Each structure stands twice: as structure tokens, then as C-alpha cells.
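Single chain ahead, by itself, as C-alpha cells, in the form predicted on its own.
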Amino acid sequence: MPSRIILKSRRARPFYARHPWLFAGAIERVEGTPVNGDEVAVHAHDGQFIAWGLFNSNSQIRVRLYSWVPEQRLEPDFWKSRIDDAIRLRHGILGLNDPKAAYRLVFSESDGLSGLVVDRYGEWLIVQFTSLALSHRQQIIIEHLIELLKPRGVYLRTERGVGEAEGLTLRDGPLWGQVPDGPVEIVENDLAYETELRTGQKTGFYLDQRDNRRAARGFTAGRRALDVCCYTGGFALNLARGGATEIVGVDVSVAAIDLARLNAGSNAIGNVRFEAADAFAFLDRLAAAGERFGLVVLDPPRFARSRRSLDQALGGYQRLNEMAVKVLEPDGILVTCSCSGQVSREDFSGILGLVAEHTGRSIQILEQRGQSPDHPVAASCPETNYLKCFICRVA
């Protein structure tokens, strides 16, 4: 019989509501001796069954919950059915099955598979395990993905900090099939991009910004544009397609800038210039030189990885947005983003209020956007609603 996890009194409600993370502090006792990765039954203080989950004594998320049906155990067919459901959303509902498309196939908690991310880049699959327990079920998962999707290769990418948090020892490398021997071409919004799947940021490309890049096009015509933290040119090339007169892109990564230049050339876009530099220093230099732009995109990396770093992150976002406003022309457009899950939409709009106060410029939020729908938000897990993209007019 599986071990039982008994919750403290009055701690069960979030889990009846299907939140998938059971932290150690909510547990009153463990009945049995579960080994890390074992299936366990979670019960309320009064003994009522709540869910089946996977146990990990190394993690503050002591149990990840997956099934709330007593008869639905976490057997191989369960994992296969969850993967089937995730793929049905992307292919059957969202229509993301073009041979050269790149998109997220499995988004962890949002697809009921807490601890698993799968991205597809044309013929290649990139997999991330962020839970020890699901990594123990790697063979079932990978074999099913291969059977369904027939990729040329499956490659494992790891995420910083996960190994320590989960007691998980994994290294980047091939899991099955061939390994791409260089950048892989994908097509998004009628633009071709070379993506480095083995060493690029995230799993190679910021797939969650797909629809926001297209939305930014509609505000670009006739404007000189600046793309800050441009990575390999995702926003910049969309701005060019939208009719920008000139685009300047900056990123601290030399390798990313090299790919951005390659992507501009392969799309025959000649009115874009990329430079490798620190974003803050670059904005300072532009302001000092009196440079002005009709549109600025800010898409920085995650500033807050935990609640402890939230105040510092909010200060960083405020400073970056104030610097961007200083180089915006009157009636300029600011496309500002935060991928820090610890930063709420209220936090982010509050930052813009402080920016308006400190710069003396009026800021109107025209659109509040989030991640593309292949990164769905689970209603029972608000932490999955992590990406903020505000399109603003700065008077």
C-alpha cells in the first residue's frame, strides 16, 4: 500500500482546489516510509482523501499532486494520457503543428505534469525535468513522446538551481536520436530564426513571447525602434516587418547578437543594427547622446527568482523603465515585459506609476498581455501566470 501524507488541520483547502504543490510545512505526519519519487496518497486531517502525488524529501515541495480521483493511480498510462492531452491542445486547438514551428508541448503545472517541460523546435524535442520524481519516470515519458511525434532527436536541458532544490542530478545532453550539430531553423510570424538548442537561453528561444512580438508590430510603422535585451532578434525583426524606419537591438550576450545579425540577414532585413552591451550602460549612453526613439521594447531576463529578491527586482525594473522613458519621444510606445513570476501584474503596473511620477511623463497602458497560449495558465495554480507584457503610450 502507498504511504499516506496527513495534512495539518485547516491546511487542505488549496489542495482540494487542485493546487499541485504541497509544501513540507502543511504536513502533520507521514504514515509509512516513502522513498523519494514514490507515489503517495494525500489525506486531510480528518482522513478524507484529497489526491495522489509524488514524494520528495529533498524538496520544500514535499509532494507534487497529479490525480484527484481515488481510482486514478499514477501508473504509466496516466502519464501517457496527460501527454496526449497536452499535445491535443497544441495541435488540435491551437494549430501549432507546422513542420518548422517552435512551441511548448508540455508546460509543467499548466498541463497537470508538474516538473516537466517539453518544447518542440521543428524535428527536435527539448525536455526539462524540474522534479526528481518525474525524472524517475523519464523512460515512460520519452518513449511516449517519440512514439507520438517521431522526432529526429530528444535533448535534455537543465535549469539553474533545480538540482539543488530537488536533489536532482542531471546534465545537458542527448536522450535519444541525433543531436543538432549547429543552430536549427524555425519559422515564427513569417520570420525565420536560427536557434541554438544546446546552449541558448531557456530552451533556445523565448517561445512565450510569440504573440506579443506580433502585437508590437501594430505600433511600429514609421517609428525608430529600440529593442533592449533583444536576444537573437525576436522583437527586433517583428518591428522591422511592422514598418519601423530603423531598429537598434542590444543584448549582453555576444553569441546572441551574432545569431541576431544572422537572422536579420537571412530575412533580408537591412535597417537593423545589433550591439553587444550591458542594457543599463547602453541606455545611459543613448540618453547622454540625445538619442530618441518612437518605440522601445524592454524584455529583460528574470530579475526575481524568489520572494527574498522581490524588492531588489522591483527596483531593477523601475530603473530600467525610467531609463527607457528618457529616450522615448513624446507619444512614444513602450513595450515592457517581466518574466519574473514573483512580480504580480499589480506590482508591475505600480512600477509604471512610479516611473510616471519620477520622469514627469504620463503613461497609459494600452494592452496588458501575457504568455502565448501554448504556455496556458492553470486556474488552480496562479504561479503559472508569470509573463507580463504591457504596451503603453508615453506622452
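For clarity, every value in this text was computed on a predicted model and none was experimentally measured. One rule holds for the numbers: they count along the sequence shown, beginning at 1.
The next section is about a form of this same protein that is not shown, the form predicted together with a small molecule.
A heavy atom within 4.5 Å of the small molecule in the model of the complex is found for one listed residue only; from 189, 245, 72, 201, this is 201. Scanning 122, 300, 112, 180 against the small molecule in the model of the complex with a 4.5 Å heavy atom cut-off leaves one residue, 300. In the model of the complex, the small molecule sits within 4.5 Å of a heavy atom of residue 252.
At a distance threshold of 4.5 angstroms between non-hydrogen atoms, residue 279 is in contact with the small molecule in the model of the complex. Within this chain, residue 317 is remote from the site of the small molecule in the model of the complex, having no heavy atom within 4.5 Å. Residue 219 falls outside the set of residues with a heavy atom inside 4.5 Å of the small molecule in the model of the complex. Only one of 226-234, 145-153, 95-103, 168-176 places residue heavy atoms within 4.5 angstroms of the small molecule in the model of the complex, namely 226-234.
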